[in-house]
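Before any questions on binding or motion, here is one chain by itself as structure tokens, the form predicted on its own.
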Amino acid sequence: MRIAMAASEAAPFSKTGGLGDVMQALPEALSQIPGNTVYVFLPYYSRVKYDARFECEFVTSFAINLVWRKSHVGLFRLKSRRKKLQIYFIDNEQYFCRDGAYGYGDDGERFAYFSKAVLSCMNYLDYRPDILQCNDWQTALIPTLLKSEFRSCFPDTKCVFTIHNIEYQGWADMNFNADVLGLDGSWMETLRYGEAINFMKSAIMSADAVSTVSETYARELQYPYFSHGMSEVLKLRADDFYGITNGIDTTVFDPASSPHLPAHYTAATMVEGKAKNKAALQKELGLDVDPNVPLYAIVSRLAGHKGVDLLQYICDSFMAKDAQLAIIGTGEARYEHGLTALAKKYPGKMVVRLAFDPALADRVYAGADAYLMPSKSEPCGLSQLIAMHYGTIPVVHATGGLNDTVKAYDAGTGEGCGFRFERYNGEDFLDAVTASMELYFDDRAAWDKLAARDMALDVSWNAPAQKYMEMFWKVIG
């Protein structure tokens, strides 16, 4: 199958969150399937363009129209001997030569340009994919442009739009089509949502299928509580709306080989390996070096939907127990300040590092005993998968992908993956944490067995990639 994929980020080139991890691993997994060729299109951000690690070759340049203005398109290809996976970068310094990927007043125009440039570059390359897969609001105009302006160029190409986080939808005022896109008036109802243009709504209505990143999240998005106003639109696509739970790249996240860890380990050497990593992490973070207290950790963006309010609510009760807590991440100022103030109350027991540091995150996954994920909503979540792969037992709110991936531990049978709470409140969260501590202190052999079983789970992209292929084949008939 010929597959094209478009996204606003992909590790290791650019990454601000889980989308970057997915777009590193999923194209790789799809390209490993016999008969597939995969082309990935990404913005040529300055941090990629001027990074000596990424050697690219110039392919072509031309101009495209955004209504009244012409915009430069430079096409570059990552140098690689691989034929089945090709990475292309779209260059325009006006739009992409900036300090960050998002957060600018012209983001709508930037990614409308990117969407049109992706289709124009595929046409230049004479690449006629069977499937074009697009990701989140930044590429959400591609399905509509494919069905309108570019239909004659790609008459047989089907399009799948994947929602990674519905909270960010791509809004613009009603003049956006006339100012930037230039589609005829018949497409306004596809673009319009209320009294504005909504990129994601247009993709949901235009794509041949819609998917999201876990089975539970696909069900949740058809309810107003989770959908940020998009539930009724998604209900219209219920017959071709798929939920496929993400995996992780187990070659990148691997406690047996990660260059960031002071000690490597496998499931067979987990107890000794994690003990060494825990001691090193406690020392690095300024926690009391004590092998006998459970170390709980969070590596997360500090935002409301991540359950930080619940963490603050239970923190004093948590710290009254014989345990430690490490929090790594950045985010909203109110949470940064609140958590930092709490940590000052508990020196040696609680630490907050306001940083985006992948190497430190890796050491946290390896050194912690348990991983907290009290998210109010979580489309899929990768952190719990990484934690389990490192033998770090998750404590999660049973929502979205957390519900799909973390089955509740049953003390009677010993089955399950971790600890869960069903209702989003601080008392239930604290109860789940307490239950995990009881297992840690009362039966370390059972705790270690649970951690080893988590390490043995297949959290790779092998199974999800096959499910993507099943969806693609259904879409193209």
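Since the model is a prediction, treat every value here as computed from it, not as a measurement. The first residue of the shown sequence is 1; numbering continues from there.
The discussion below concerns the form predicted together with a small molecule, not included here.
- In the predicted bound form, at least one heavy atom of Gly18 sits within 4.5 Å of the small molecule.
- Contact annotation for Val213: at least one heavy atom lies within 4.5 Å of the small molecule in the predicted bound form.
- Although the partner is absent here, Asn165 is a contact residue: one of its heavy atoms lies within 4.5 angstroms of the small molecule in the predicted bound form.
- Residue contact with the small molecule in the predicted bound form: Lys306 places a heavy atom within 4.5 Å of it.
- Checked against the small molecule in the predicted bound form, the candidates Met205, Ile87, Leu382, Val299 yield a single residue with a heavy atom inside 4.5 Å, and that residue is Leu382.
- Comment: the small molecule is not present in this chain, but in the predicted bound form one of Asn246, Gln282, Thr190, Asn177 has a heavy atom within 4.5 Å of it, namely Asn246.
- Of the candidate stretches 374 to 382, 97 to 105, 269 to 277, 151 to 159, only 374 to 382 contains residues with a heavy atom within 4.5 Å of the small molecule in the predicted bound form.
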